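In the form predicted alone, a lone chain appears below as structure tokens.
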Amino acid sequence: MTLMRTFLGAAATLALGAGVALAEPALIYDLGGKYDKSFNEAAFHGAEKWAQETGGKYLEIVLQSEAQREQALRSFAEAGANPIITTGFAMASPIEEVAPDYPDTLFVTIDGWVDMPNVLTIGFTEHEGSYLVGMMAAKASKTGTVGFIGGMDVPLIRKFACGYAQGVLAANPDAKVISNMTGTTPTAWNDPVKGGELANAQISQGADVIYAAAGGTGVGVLQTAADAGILSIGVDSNQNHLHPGQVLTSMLKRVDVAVYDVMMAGDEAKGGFLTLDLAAEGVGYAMDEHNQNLVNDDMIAAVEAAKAQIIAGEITVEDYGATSTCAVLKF
């Protein structure tokens, strides 16, 4: 798990190997909560892995309001934390305000976009991973209708939806994809009740596989799907274990690896831009004992073939974030 090596010099490579971190790192969790069983929790697991392997300690805070974003950044910077790792695109603007005041501190934005010398921007090809689980959804569906439930309606989440719909239609051109977003404010990341309501609405329209890309809200989607006896698809972290035998797979977004690698690099990590794609194993799908009876050999063969073709450039998955549109999306 060395996805960050292209941004590290020789000294940093030694730091990776030896587990050296010259300053105490800090991690800022977004509003969905540290234990959202998804995006933020993946970041937590990456930090914990670093701490267990190195014996190091890190600072952390779970944001409770928008007003805390800039305050948390400045507090950690003043305390000498380095690097300061943030989760969620909403941290980009606060970083743009704070980073110039602390030129010797590295700020890391996961899912944001900041072009400054002391900021490392880490992104993922969520549309590629979502394409693969979309293929699996289409092959597992008995009704020919599948669903997508996103969290906050932003281009990033439409990126998940766009890739998913393309994968579904690649596997079954006659399939129907029902798509809904939970809301337009940050509360959409932590509303499992609303997630369950949207899942029930999709089930009533015939959906028998539902993909949730909604942070803590997705927990409600997965629960409702399990209660209704249909399949769901988790996101970011491996969520297969939440409802064994009911979660078809989870689209893995390796936030844990990104956090781990940055912390291992410590003071030697540098600013720049990094996109973690299928080739770098930055995204993928989860297989384990909890879903092995749901995924047959035909699914695996089709998905692995598509994965190889995407990596080779033979299949291009449309990226909503790049085009600001997606021909196959219907909200």
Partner chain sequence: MEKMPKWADVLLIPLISLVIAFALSGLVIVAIGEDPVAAVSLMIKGALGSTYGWGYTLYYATNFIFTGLAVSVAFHARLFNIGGEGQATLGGLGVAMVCLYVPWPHWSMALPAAMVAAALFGAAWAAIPAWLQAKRGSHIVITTIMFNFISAALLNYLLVNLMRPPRSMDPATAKFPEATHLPTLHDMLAPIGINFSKAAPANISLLFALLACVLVWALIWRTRLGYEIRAYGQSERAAVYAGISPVRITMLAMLISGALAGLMAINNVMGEAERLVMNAPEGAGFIGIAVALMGRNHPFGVLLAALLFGFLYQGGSQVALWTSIPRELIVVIQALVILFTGALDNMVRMPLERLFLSLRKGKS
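Everything numeric in this text was worked out from a predicted model, so none of it was measured. Positions refer to the first chain, counted from 1.
Another form exists, predicted together with the partner chain; not displayed. Remarks below refer to it.
- Here the marked residues E41, N200 and D277 all miss the partner chain in the model of the complex; none has a heavy atom within 4.5 angstroms.
- You can rule out all but one of 73 to 81, 161 to 169, 240 to 248, 136 to 144: in the model of the complex, only 73 to 81 has residues with a heavy atom within 4.5 Å of the partner chain.
- Listed residues E48, E60, D267, E281 were compared with the partner chain in the model of the complex; E60 is the one with a heavy atom within 4.5 Å.
- Between the options A175, L120, V257, L156, the residue in contact with the partner chain in the model of the complex by a heavy atom within 4.5 angstroms is L156.
- Although the partner is absent from this view, A67 contacts the partner chain in the model of the complex, with a non-hydrogen atom inside 4.5 angstroms.
- Taking the partner from elsewhere, Q223 is found to have every heavy atom lying beyond 4.5 Å of the partner chain in the model of the complex.
- Although the partner is absent here, A308 sits far enough away that none of its heavy atoms falls within 4.5 Å of the partner chain in the model of the complex.
- Interface residue remark: A90 is counted as part of the site for the partner chain in the model of the complex, having a heavy atom within 4.5 Å.
- In the model of the complex, the partner chain lies within 4.5 angstroms of at least one heavy atom of each of the following residues of 165 to 204: G183, T184, T185, P186, in sequence order.
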